[in-house]
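Next up: just one chain, as structure tokens, the form predicted on its own.
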């Protein structure tokens, strides 16, 4: 039986997991996740009845993984291509932590921006549901649900300052030879996808509506780190994922 990946196509966390699976040529079934509405089904599929249930989620036989780095490590163990992790797990882990911190801060800012914008809310709702009465109210409820689910302490200024700190660390790491650890690894994938919170990449996989793209963008940080965004876009261009989902 093929592994089954449950993911959200535009989510940086899901993109990391798909990238690792595709890097190793692992064939898998895929289900697109719908935030809030899909959570009961997700809990049923994963058996995660208590605590946080989130995507990406990989189900491989009796194994259930609900963390991008864990999924990448599992894919790495399957082999089939140049290792993204290999014996560098201890070096990669701190960069994965940096990327997680950037994404956690950015998720709160993005979700709050979506919650304030009715057009962004509408764009976040699956197309078949957009004509239902009260869909904007349901979408806003979903945004508030995410804010409660992933609440973190601190003001918007503190979150932006944290994102800047990790972006500066990435810039310093890249200064030597253009990759985080000296050769392409999961650390590059983790940090590249975290930059989505500054400004999403272009392309079909990131076909966000205009209001959603505004909500996902932090113009001040994007302008400050244009060099990192260019690096990110080059990686996406040179190392396309096998599947565009």
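Positions refer to the first chain, counted from 1. Predicted model, so just to flag it, every value in this text is computed and none were measured.
Absent from the display: the form predicted together with a small molecule. The rest refers to it.
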Practice problem: Among 20-28, 230-238, 7-15, 217-225, mark the stretch whose residues have heavy atoms within 4.5 Å of the small molecule in the model of the complex. | Solution: 7-15
Quiz prompt | Non-hydrogen atom within 4.5 angstroms of the small molecule in the model of the complex for each of 106, 108 and 115 | solution = no
Quiz item: Using 4.5 Å between non-hydrogen atoms, is residue 100 touching the small molecule in the model of the complex?
Solution: yes
Quiz item: Is residue 149 one of the residues lying within 4.5 Å of the small molecule in the model of the complex, judged by heavy atom distances?
Solution: yes
Quiz item: Is there a heavy atom of residue 55 no more than 4.5 Å from a heavy atom of the small molecule in the model of the complex?
Solution: yes
Quiz prompt | residue 194: touches the small molecule in the model of the complex, heavy atom cutoff 4.5 angstroms | solution = no
Practice problem: Could you spot which one of 60, 208, 181, 36 gets a heavy atom to within 4.5 Å of the small molecule in the model of the complex? | Solution: 36
